[in-house]
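A lone chain, given as structure tokens: the form predicted alone.
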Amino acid sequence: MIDVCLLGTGGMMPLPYRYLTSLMIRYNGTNILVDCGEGTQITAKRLGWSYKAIDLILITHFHADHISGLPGFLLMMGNADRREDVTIVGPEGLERIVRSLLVIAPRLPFKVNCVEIKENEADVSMLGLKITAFKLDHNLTCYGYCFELGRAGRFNPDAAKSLGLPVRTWNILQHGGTVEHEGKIYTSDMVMGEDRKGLKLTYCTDSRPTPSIVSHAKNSDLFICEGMYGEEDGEEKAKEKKHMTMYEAAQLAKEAEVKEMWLTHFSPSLNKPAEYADKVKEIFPDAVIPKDRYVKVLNFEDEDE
């Protein structure tokens, strides 16, 4: 199970009714934050999830609406008595950018570790999640992120019994361990079925449509993608500024065969993004145009509510 919340849905600047695009993921007792524009700490506090427990912050790129809220957010974590290290992952140059921002937050009670991505695609897996960063097509280096939670097969007690394994060894094997019994070594694959379908979440913002978005988002349970423009002349502006329209995002979702798509990073000129929903759904019916702090629980297939 993964809890997902789109903290903000705005692009370029925060508005009184819409904070900047940021994502929080809650899994297995910890939180992951993706992007941290101005005011992110405010909408995070309104959400009510524990921001103190954030161990990993992923930055897509270095435009202000995606990173300028970082000092305030880290200070908020410190004021909540956070003491454990925090890891920040982002494009090459991250260390320099973060240290510059932290000039105004010099006395944090925890260590900040920076991990820079230098390849077009990189494995930045942490906290029990497979996390893949992939380069997008923006006017400076920008990455999307794909999160995958695997799921082991079912334990086969009949197989364990046929091997003569005592019950006390079953739990070890069920959790991927190895046991020795009567001079023989037994591994988990001897008593486990094939891996079951896990969960997949893909986050992509500030980019033109690219084939890599489709390939990385393929069969995602949830695809979160920017849809900055919805108006008729939006595509021209999107091409000029290296962004995406709602309809281009919907086409990517269709090609990637995702279960559900959320649009985000709306232009400040879009007062009511939801008014374009019908047209978006003509391309991809399972599209959502959410408001700030929109939450969904991603469950494994046989655990759906």
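Residue numbers run from 1 along the displayed sequence. Fair warning: this is a prediction, and the values are worked out from it, not measured in the lab.
The same protein also exists as the form predicted together with a further copy of the same chain; that form is not shown, yet it is the one meant from here on.
A heavy atom within 4.5 Å of a further copy of the same chain in the model of the complex is found for one listed residue only; from Thr40, Thr245, Thr264, Thr60, this is Thr40.
Checked against a further copy of the same chain in the model of the complex, the residues Arg46, Lys52, Lys237, Lys279 give one hit for a heavy atom within 4.5 Å, which is Arg46.
Taking the partner from the other structure, a further copy of the same chain in the model of the complex has no heavy atom within 4.5 Å of any heavy atom of Val167. Using a 4.5 Å cutoff between non-hydrogen atoms, Pro273 does not count as a contact of a further copy of the same chain in the model of the complex. Residue contact with a further copy of the same chain in the model of the complex: Asn79 places a heavy atom within 4.5 Å of it.
Of the heavy atoms in Pro14, some are within 4.5 Å of a further copy of the same chain in the model of the complex. None of 147 to 155, 229 to 237, 102 to 110, 202 to 210 except one has non-hydrogen atoms within 4.5 angstroms of a further copy of the same chain in the model of the complex; the exception is 102 to 110. Within 4.5 angstroms of a further copy of the same chain in the model of the complex, the stretch 201 to 230 places no non-hydrogen atom at all.
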